[in-house]
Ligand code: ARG
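First, one chain by itself in structure tokens, the form predicted alone.
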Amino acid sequence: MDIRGRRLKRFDSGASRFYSSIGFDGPIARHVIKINTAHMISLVKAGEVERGVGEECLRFLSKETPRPRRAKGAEDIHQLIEQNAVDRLGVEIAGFLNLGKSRNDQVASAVRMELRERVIRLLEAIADLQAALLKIVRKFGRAVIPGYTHMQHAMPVTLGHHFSAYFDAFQREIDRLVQLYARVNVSPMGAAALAGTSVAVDRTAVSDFLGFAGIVENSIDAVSSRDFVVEALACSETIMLDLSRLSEEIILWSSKEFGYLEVSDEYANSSSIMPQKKNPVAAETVRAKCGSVLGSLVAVCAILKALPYTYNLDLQELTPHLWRGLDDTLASTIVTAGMVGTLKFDVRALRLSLKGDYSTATAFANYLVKAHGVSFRQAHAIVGGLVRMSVETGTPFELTISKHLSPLSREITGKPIHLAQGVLNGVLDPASSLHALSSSGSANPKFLQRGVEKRLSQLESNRSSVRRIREGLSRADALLLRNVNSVLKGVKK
């Protein structure tokens, strides 16, 4: 029997192929089987379906594979599974599978179930990336490097401080994903098509069987809302933005102009014509994927922007963009974690890049304020004038200061400033200047170890949170299995 019923005439195969989702329903197939199982248990326990009928349906579902054989004319995975059941059990038995539920609440639930698993995998991948970042911090953390603003040398920082900043950015990504997970992990089941159902379905029990933390209360909201898809892709895009910024730095820093690091061979490629080339192709691809994920987000927003409540088949078009965006984000995160974990830094090149770059000019200005009582704006003018003289004459900054500090300070403040050479050398030394930084969260190396310990603790907390989430889903699977067995054994639970 064709489950399309008799309302419609014979379908047009070309049109069916056009609007069918069967080609991209693969990721949710196993969830649809689980949803059917949980729903049938609820029907049996409520007395809406005879136990013998429920047993037959549950046995069929327990044998149905995540890639069910294709039934002719099936529009989607939901029809496909039901049609397979009708073909095997007959409509007198399998016809009860869809009692009290719709493809509308079912697909919304299945998408949420698949999405939450992908969020878990993404959380794990980001934690691995954080671990790779901390590996750099612990190994090369005290190396002094130029900090940049406007892509110009600005002030000295440490390599540890720089990569700790990325760790913290990805921590916010984890926080956002955890919040997203809570909003995804609620069950639409029992909303049916849009208004709910007169069939006695225990929504809370079905939610528990499927590992959800609760239900989407309003039945219209349950079947028609896809803001969680937008949020998931928005989270993915913010992750990709951070990954792309990190990849851009790796690309720049691995160039001859910088020479700060070398990308491991596993994440590089050679040229088809230039035998000397080592191209950072993994980082380049991550940078490009950032645009692809943004495209998925924009596409989803464009599809949703004018949809009236409740369910429309337009919603079906969201899921390929969702899976594609999440796939790109997960793959990019995994590759970046591996690439970062194998970076080779040239500490000597980092140190030499600071030579003569004027990056301690701010430290010098601050010293003049604290040691000689001039205002910061006066100190700014003095140091700026000295830098200009040094640049225009090609004279080293230290020699320029020794020669011109006294007359320039008299011109600007009305009094000369004299500095001993030893004091001047200490103020201008990049490594020494870092130790003068006193604000919390600064690049002073004295904060480095405490920062590492704090972030290691945060990393363990992240991994523990993911383990708890996984354990919760495992407990739900065990609960579902126990209830399947109770029906099959004819014992009420």
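All residue numbers refer to positions in the sequence shown, first residue = 1. Owing to the predicted nature of the structure, the values given are computational and were not obtained by experimental measurement.
Quick note: we don't show the form predicted in complex with the named molecule, though the next part is all about it.
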query: The named molecule in the predicted bound form: contacted by all of 104, 313 and 316, heavy atom 4.5 Å; finding: yes
query: Which of 212-220, 354-362, 76-84, 379-387 sits within 4.5 Å of the named molecule in the predicted bound form, heavy atom basis; finding: 76-84
query: 4.5 angstroms heavy atom contact with the named molecule in the predicted bound form for residue 21; finding: yes
